[in-house]
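One chain comes next, on its own, written as structure tokens: the form predicted on its own.
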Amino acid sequence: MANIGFIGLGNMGLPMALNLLKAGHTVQGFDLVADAVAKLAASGGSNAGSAAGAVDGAEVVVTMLPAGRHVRQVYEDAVIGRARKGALLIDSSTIDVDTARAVAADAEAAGLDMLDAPVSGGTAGAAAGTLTFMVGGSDAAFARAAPVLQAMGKTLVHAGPSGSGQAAKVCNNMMLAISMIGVSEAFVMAEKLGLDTRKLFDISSTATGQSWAMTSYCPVPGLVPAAPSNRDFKPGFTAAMMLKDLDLAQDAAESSKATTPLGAHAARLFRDYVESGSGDLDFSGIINMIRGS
């Protein structure tokens, strides 16, 4: 079992840290929100008092932060230069590829192994320990990280060298956003054509229109029991977070000179949805904007 420092105990980070505790690891955590740290301490973790305190003595440091600028600042101020010799650094934030590679290079220059390991699965997956980790970094670092990541997730994929995890995440979520818009448009059109949505679901879920967005996360209530549409779109993954990932995907497309017309349009639609005041709802709630409600 490892002594783990965990920085960033938000909606995703806290349940991930709690699963590390359940697996028998020691966790010293920090977050700017005191209540989050208190919940970790109440479950057997410890309050590190600061980001630097979370790093002190840790064999593994895990970060789950909002954006690339936060990752860069925390690693510059509290992690690189303070981490113990031989410590393994794992950043599970979803950030831009360029920042992920730059921070990894700084860590390597300091003699530290670092992985970018963003996740898919939302808050439900974080709580259940069933996340998918998309990991960028060396083979040796991935092998070292596996026992830690397995305590928080079900599927671990080594995507390639540094930055590859972030690249996989933005590509995946761009596909998901496009799929959800397509599913939403089709079901709204079915309603207007007088086609029963259950009939469309039964047909398309076994035909060529099948997708995860429909069969696991259908935006029409009553068709998929676990879907947020059954809970007035209480989020598993907010529209604001999806917009963030789409913006990252567009940044990556620009820097790599990739052509992503549907990704760009999805970003515009989700920006409209978020700016309408729906950013805190699940991203599948975009069906309401498409429906006009």
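Being a predicted model, the structure only gives us computed values, none of them experimental. Don't overthink the numbering: it's just position in the shown sequence, from 1.
In what follows, reference is made to the form predicted in complex with a small molecule, a form of this protein that is not presented.
At a distance threshold of 4.5 angstroms between non-hydrogen atoms, residue 182 is out of contact with the small molecule in the predicted complex. Within this chain, residue 233 is remote from the site of the small molecule in the predicted complex, having no heavy atom within 4.5 Å. Although the partner is absent from this view, residue 11 contacts the small molecule in the predicted complex, with a non-hydrogen atom inside 4.5 angstroms. The shortest heavy atom separation between residue 55 and the small molecule in the predicted complex exceeds 4.5 Å.
The three marked residues, 265, 273 and 286, fail to reach the small molecule in the predicted complex, with no heavy atom of any inside 4.5 Å. The chain is drawn here without the small molecule; in the predicted complex, the stretch among 224-232, 41-49, 64-72, 251-259 whose residues come within 4.5 Å of it by any heavy atom is 64-72.
Checked against the small molecule in the predicted complex, the candidates 214, 83, 107, 119 yield a single residue with a heavy atom inside 4.5 Å, and that residue is 119. None of 138, 164, 123, 197 but one reaches within 4.5 angstroms of the small molecule in the predicted complex through a heavy atom, and that residue is 123.
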